[in-house]
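Presented as C-alpha cells, the chain that follows is alone, the form predicted on its own.
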Amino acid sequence: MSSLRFKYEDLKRFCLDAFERFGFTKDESAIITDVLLLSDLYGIDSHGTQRLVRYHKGLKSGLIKADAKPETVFETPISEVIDAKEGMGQIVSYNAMKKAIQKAKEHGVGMITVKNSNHYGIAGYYAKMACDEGLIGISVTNTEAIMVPTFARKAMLGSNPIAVAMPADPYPFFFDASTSVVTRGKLELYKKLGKEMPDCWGIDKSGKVNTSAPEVLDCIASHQGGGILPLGGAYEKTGGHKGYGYGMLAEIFSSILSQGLTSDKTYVGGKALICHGFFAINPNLFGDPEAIKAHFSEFLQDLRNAPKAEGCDRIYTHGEKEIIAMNERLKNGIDININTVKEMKNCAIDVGLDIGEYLGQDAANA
C-alpha cells in the first residue's frame, strides 16, 4: 500500500486541530490549513500535507515562531516592507497579500515585500487571493539555496517560484511554477517512493548529473556542492540560463527589494529568514476590467481550440488541470503517500491527538 485516501473535510479537521496544538489561534490555523489543502486539491502534492511534518519540526526547533508579531518597517501608499520576525510564512503572507489587495483597490497597485520569514506553501495561493478579488495577482519567494546556476556546481538560488493569477472565464488563469526544474519537495516524494529521478533534475557536488534523490538531497543539506538544476537543465543549449534568470527575478522581487537575505544566506544558524513578494494590480488602470477579462478569456479559448499535435486531443490553459484535480479530489478524496501519513501520525501523537479519530483506523495503523 503506497498511499491512503482521505476526504477533504477529514483532512481539514485534522490539520485545523493539529495547528492549534502547534500553538496557533483558530484563525491562524484556518489560514495555514487552507494553503496546505489547496495544494493537495490542486494536485501539487509536494506542498500539501506532505509539509506538515516540516512545520512541526520547525516549530519545535525554534526555526518558526508561532507567537511572532510581524512589523511594517517601510510603507508608501502603494508599497510596504514587512519584517516577519521569523513567524509562520502562511500567516504573514496571507496578511501581506490582503494589504496588497487593499492598496490596489485604492490606488491601482499594491506591492508588498516580506523578509525574515519561513516557508509559505504554494506561491499560487496568494496570487489566487488577488484574482478572487478581480485583480491580477503575483507572488514570488526565495527559499533555501537548492538551485545550481548555469555552469556552477554549488546551489546559490532557491526554487524561487513565480505565480501569476488573472480573472478569466470559464475559470481563472493560474500559473505557479518553480524556476528550478523541480522543487525540493518533489525530490522528497521520490525519496519516499524509492524512485530514481530523471537525469535532467539534479547534479552532485562534482557537477555531474545524479539521479538519486537521497544523494542530491544530501548535497543540498551539506551546502558542499550539488543541487537541483534550473528550468532548462544544465546547459545553455537547452535553456538552463533562462531558468537561472527567472530565479533571479524572484530573488529581486523578494529578497533584494525587502533588503532581506538572498537564498544562499538563508537557513543558517537555525534560522530560515527567507523573503517573499506580493503584487496586486487593478485592471482598471488599463480600462474596463470586464472588457479586459472578456478579451483574455477569448484568447485562452483560442489556445484551447488550437490545432492539436499528433496523438493529443486536448490543449490545457494554465489553471485548467488544477480545477479538474480539485473537482475530482473533492468528490473522490485525496491520496496521501503512506510515509506522509506516518509522519502525520507521529506529529499527532506528539501533540496529543488521535489521528484515527480524524482519518480512520488505516491511518492509525500506518
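Think of the rigid core as the biggest set of C-alphas that the two forms share within 1.5 Å after superposition. In this text, all values refer to a predicted model and were calculated from it rather than measured experimentally. Position 1 is the first residue in the sequence shown; the rest follow in order.
The same protein has a further form, the form predicted in complex with another copy of the chain, not shown here; the description that follows concerns it.
S.K.: Just to confirm the contact call: exactly one of 90-98, 133-141, 116-124, 210-218 touches another copy of the chain in the model of the complex at a 4.5 Å heavy atom cutoff, so which is it?
M.R.: Among the listed stretches, the partner-contacting one is 133-141.
S.K.: Taking heavy atoms only, is Leu300 within 4.5 angstroms of another copy of the chain in the model of the complex?
M.R.: Contact check for Leu300: yes, within 4.5 Å of another copy of the chain in the model of the complex.
S.K.: Do Thr72 and another copy of the chain share at least one heavy atom pair within 4.5 Å in the model of the complex?
M.R.: Residue-level check for Thr72: no, no contact with another copy of the chain.
S.K.: Consider Asp83 of the chain shown here, and say whether it contacts another copy of the chain in the model of the complex, taking contact as heavy atoms within 4.5 Å.
M.R.: No - in the model of the complex, heavy atoms of Asp83 and another copy of the chain never come within 4.5 Å of each other.
S.K.: I'd like to check something about Tyr171: if you look in the model of the complex, is any of its heavy atoms closer than or equal to 4.5 Å to a heavy atom of another copy of the chain?
M.R.: It does not: once another copy of the chain is placed as it appears in the model of the complex, Tyr171 has no heavy atom within 4.5 Å of it.
S.K.: Answer with one of Lys308, Lys26, Lys331, Lys60: the residue that has a non-hydrogen atom within 4.5 Å of another copy of the chain in the model of the complex.
M.R.: That would be Lys308.
S.K.: Using a 4.5 Å cut-off on heavy atoms, which residues of 236-262 contact another copy of the chain in the model of the complex?
M.R.: The stretch touches the partner through Glu236, Lys237, Thr238, Gly239, His241, Lys242, Gly243, Tyr244, Gly245, Tyr246, Met248, Leu249, Glu251, Ile252, Phe253, Ser255, Ile256, Leu257, Gln259, Gly260, Thr262.
S.K.: Hey, does Lys186 budge by 2 Å or more at the Cα between this form and the one not shown once the core is superposed?
M.R.: The answer is yes; the displacement is at least 2 Å.
S.K.: Just checking, between this form and the one not shown and with the core aligned, does Gly207 shift 2 Å or more at the CA?
M.R.: Indeed, Gly207 is displaced by 2 Å or more.
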